[in-house]
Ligand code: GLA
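As a starting point, one isolated chain is supplied in structure tokens, in the form predicted alone.
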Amino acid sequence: MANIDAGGLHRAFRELYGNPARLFSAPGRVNLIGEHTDYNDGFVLPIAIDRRTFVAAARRNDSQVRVHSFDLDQEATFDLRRRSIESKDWLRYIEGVARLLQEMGFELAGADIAISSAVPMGAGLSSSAALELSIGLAFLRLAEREVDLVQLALASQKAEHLYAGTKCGIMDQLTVAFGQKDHALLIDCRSLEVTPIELNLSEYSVVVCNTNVKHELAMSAYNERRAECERGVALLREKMPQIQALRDVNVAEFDEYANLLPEPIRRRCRHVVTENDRTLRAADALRKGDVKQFGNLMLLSHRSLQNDYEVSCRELDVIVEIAMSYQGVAGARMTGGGFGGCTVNLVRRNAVVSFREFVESAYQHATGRQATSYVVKADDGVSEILDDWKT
């Protein structure tokens, strides 16, 4: 029953629990450019996408939380009165968000919950953030409480740090919270300012290509890269005592002081500094509708992630090369944390069908693996679904 829509989930919820539910949903996200800059206080340019996680939830009269995942065909329970988290795997995200909201002073009620998602797990499309934000909103609404979306995003991020072991930046959660239809979001990850920019791509569509691989070192390498960036900042402070993060270093300054940094820290920092610059230039190109410039910056971003940050992998590199060899493609790059997952591509609308066929065939020939590709559109952020699901 995976990927059922809102109405289907509500019907399944009633069959499972015997009572009606309120419905919530949150989008996945694709980052157009600005990778591994968010935890360096930098800039990112993602879109929330029209692949969403749906949550059906009904309030209980006790402190028990019962959760059923239709995608995994698994169910689990936890008690809101218990202070320590003993949940494992996917339930840690749900219980973690609930615990953080309680620590923020919200008195939550027990709940029966059912989940179905069209955001693929492990693909770098923020399936965890979509789950965290939709669950968080559900808990708060069932408790008849409101929260600022920034605070909900921060609580979800902290839950991922504490209970999933990933020291992620704030991009995913802010994108899922503030997504806007037909717009990209320029996010300042220091101030948390979110600026919508019309997705002015002319005759181009955003196509995601999923390598359908996820290498095991992704989590450990992610945390390692973050530590390397922090070490780079400490070394650069010898000449630039005012800096707090790599976001405070421009390209010219980095070129001047790069010799202070040993390898591979130098390359890690060079990626972040130049990626911030690329992201701001890409935002300007989007405002002007300059798809060619935007696409060029995407490809430069991938090369930097491949060579300086070293978070790509053979499958991602192969699929980017295949995409860029196809006429009608303006740009391609890996998106997400890396070591597998997806690429994001700007493809002429009249070439999308043939592009997908070409990429999937060539990728299978080159790797022996099956890729999955689909067009995505910029969508709205987390919300409660009110009446449209009933029709």
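Model, not experiment: these values are computed from the prediction. One-based numbering along the sequence shown.
From this point on, the text means the form predicted together with this ligand, which you will not see here.
Novice: According to a 4.5 angstroms non-hydrogen atom cut-off, is residue 36 in contact with this ligand in the predicted complex?
Specialist: Output for residue 36 is yes: heavy atoms within 4.5 Å of this ligand.
Novice: Spell out, yes or no, whether the shortest heavy atom distance between residue 340 and this ligand in the predicted complex is within 4.5 Å.
Specialist: Contact with this ligand, no.
Novice: Wondering, does residue 222 line up within 4.5 Å of this ligand in the predicted complex on heavy atoms?
Specialist: Yes, residue 222 is a contact residue.
Novice: Might residue 172 be said to contact this ligand in the predicted complex, defining contact as any heavy atom within 4.5 Å?
Specialist: So residue 172 counts as contacting this ligand.
Novice: Look at the stretches 359 to 367, 343 to 351, 329 to 337, 58 to 66 and give the one with heavy atoms within 4.5 Å of this ligand in the predicted complex.
Specialist: After filtering at 4.5 Å, what remains is 329 to 337.
Novice: Here the chain is shown alone; which of 168, 286, 152, 207 has a heavy atom within 4.5 Å of this ligand in the predicted complex?
Specialist: Answer to the contact question: 168.
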